[in-house]
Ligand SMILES: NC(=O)c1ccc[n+]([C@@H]2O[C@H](COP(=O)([O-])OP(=O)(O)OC[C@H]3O[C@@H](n4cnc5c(N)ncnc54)[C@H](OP(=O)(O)O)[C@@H]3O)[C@@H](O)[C@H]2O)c1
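What follows is one chain in structure tokens, specifically the form predicted on its own.
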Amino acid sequence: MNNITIIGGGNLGKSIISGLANSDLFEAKEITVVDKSKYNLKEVEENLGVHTSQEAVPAIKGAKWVILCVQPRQLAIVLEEIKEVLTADQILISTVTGTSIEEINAVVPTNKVVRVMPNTGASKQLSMTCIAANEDALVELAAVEKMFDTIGKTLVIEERMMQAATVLGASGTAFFLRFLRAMIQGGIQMGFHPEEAQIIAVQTGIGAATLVAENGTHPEREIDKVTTPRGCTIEGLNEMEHQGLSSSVIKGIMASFEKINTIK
């Protein structure tokens, strides 16, 4: 039994579904997506060929893996709906922000639970997914790693770090994109057409991140390679720092971290 049911077809859910459906680990016919929205279901069914359902109870029958990909305020409703039909050998994988394994097991005590935090890069098989499990689910941890390795990189962390992982790895997508938008706007102000500015900025960002990822260097080492004495790069970098670039980013990350610790 390798069937997987994903409850929640929103943006993150679609990203995971797309990544898994296009991987070698699952066939589309082994994936069922549950969502109340007919629009969301129609989209994933037509584009990916997966099974769909508006009802969770029939959809989880026969599934080895059940991914909970809903908003925190929806989780209690979903767990109450499915707890009577869950069997002890079904493994729950939760992407739900701010809800611990212990809190989920308080509702479904016989099921093993693994927490994961992927990001929307999953749809391009470029997710950064952090994974945590307690001692009861260590055997399943390797299988979950393998599953999410198909949609990008994975990192096993302590559960106490999951909130921070959500901010850095999931919210971080938005942070990077906001910087990218600023780069594009600067390019337009210098005279490029918007499409040209976006092509240049996007490819530059991909290249910069790849240098760090593949060379294993600290970002400052790569910065030094393009920063010459009295040059335009150091002039721009220093002005950005004078305006609070690094400080603003760190403050934004910490503001998100403070917020996530209040979400229930």
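Just so it is clear, the model here is predicted, and its values are computed rather than measured. In case it trips you up, residue 1 is the first one in the sequence shown, and so on.
This protein has a second form, the form predicted in complex with this ligand, left out of what is shown; the following refers to that one.
This ligand in the predicted complex comes within 4.5 Å of no heavy atom belonging to I101. Under a 4.5 angstroms non-hydrogen atom cutoff, this ligand in the predicted complex has G10 among its neighbouring residues. For K36, a non-hydrogen atom is located within 4.5 Å of this ligand in the predicted complex, even though that partner is not displayed. The closest non-hydrogen atom of E80 lies beyond 4.5 Å of this ligand in the predicted complex.
Site annotation in the predicted complex: the residue of A133, V96, I93, A122 reaching within 4.5 Å of this ligand with a heavy atom is V96. With this ligand omitted here, the record of contacts in the predicted complex names 65 to 73 of 235 to 243, 195 to 203, 213 to 221, 65 to 73, defined by a heavy atom within 4.5 Å. Annotation: in the predicted complex, residues N40, P118 and A170 each come within 4.5 Å of this ligand through at least one heavy atom.
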